[in-house]
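Just the one chain here, laid out as structure tokens, in the form predicted on its own.
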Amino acid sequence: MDLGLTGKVALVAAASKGLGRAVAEELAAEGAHLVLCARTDDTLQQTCAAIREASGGRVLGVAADVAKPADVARLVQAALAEFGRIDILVTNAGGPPAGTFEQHDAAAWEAATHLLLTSVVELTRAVLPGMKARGWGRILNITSIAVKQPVGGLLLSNSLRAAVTGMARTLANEVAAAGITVNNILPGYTRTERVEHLASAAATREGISEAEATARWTNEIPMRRLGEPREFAALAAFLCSERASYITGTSTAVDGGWLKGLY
């Protein structure tokens, strides 16, 4: 299937590893040019070099913290200077600390808001005018299954990723007539460093081993295994593609059947 991504320019946030990297690799394999960001420049540049070698495409890496609006502005400026446009935006950020309501003070809430919500707002604000001018755009937010079924111990993530969902669903209606789609993709328990950190936190909190924490999750998944980043990235690439031009305002899970609701 030709996804119509050849020559498109995609900005993928938090793309040096994990789900962000998997999405970047999939988009590059489909012929897209990439602008990738992450906070650690060495790891980012290694990822860019690997994707460049594998795909033969153009890949620009810009060290940036998406929780800082000034970094977002610098990232987008670098992308426009290199490619002249941004056709696809994939928002992504590492998760905030695990914990209950009483374990998070005002500073923790503020930091998590900048990381998960403000980053999406600022990235979208920066790329939207160009997409509207060209009459084509794809905005895809990587959130979490927690927006549909809250995960215990992840209060900050449950709250703020849900806010992204509300923003994106509203924006989708506002820009649909301009040829821009806005969708959310919800990873379940996937084999990434983030899940390893969550397993470690659960083990410490509950006095169990990390293996026991991971096994508890896999036992809740009908497929009885963690997902692989590449499986997640396949849907992400489709939602960013020309073939998905009539799909907007959705929140789609890639979770092996973990979610129990009908929607």
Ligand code: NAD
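Please read all numbers here as calculations on a predicted model, not as lab measurements. When you see a residue number, it is the position in the sequence shown, counting from 1.
As for the form predicted in complex with the ligand, it is not shown, yet the points below apply to it.
- Report the stretch among 124-132, 138-146, 98-106, 168-176 that approaches the ligand in the predicted complex to within 4.5 Å, counting heavy atoms only. That would be stretch 138-146.
- Indicate whether the ligand has at least one heavy atom within 4.5 Å of a heavy atom of residue 32 in the predicted complex. No, residue 32 stays farther than 4.5 Å from the ligand in the predicted complex.
- Answer with yes or no whether residue 65 is in contact with the ligand in the predicted complex, where contact means some heavy atom within 4.5 Å. Taking the distances in the predicted complex, the answer for residue 65 is yes, it comes within 4.5 Å of the ligand.
- Query: Would residue 236 count as a contact of the ligand in the predicted complex, using a 4.5 angstroms cut-off between non-hydrogen atoms?
  - Reply: Residue-level check for residue 236: no, no contact with the ligand.
- Task: Although the ligand is absent from this view, report whether residue 241 comes within 4.5 Å of it in the predicted complex, heavy atoms only.
- Result: Although the ligand is absent here, residue 241 would stay clear of it in the predicted complex, with no heavy atoms inside 4.5 Å.
- Item | Of 60, 221, 202, 195, the one that lies within 4.5 Å of the ligand in the predicted complex (heavy atoms) | After the contact test, the surviving option is 195.
- Within 4.5 Å of the ligand in the predicted complex, which residues of 76-100 have a heavy atom? Give them in sequence order, or say none. Heavy-atom contacts to the ligand in the predicted complex: 92, 93, 94, 95.
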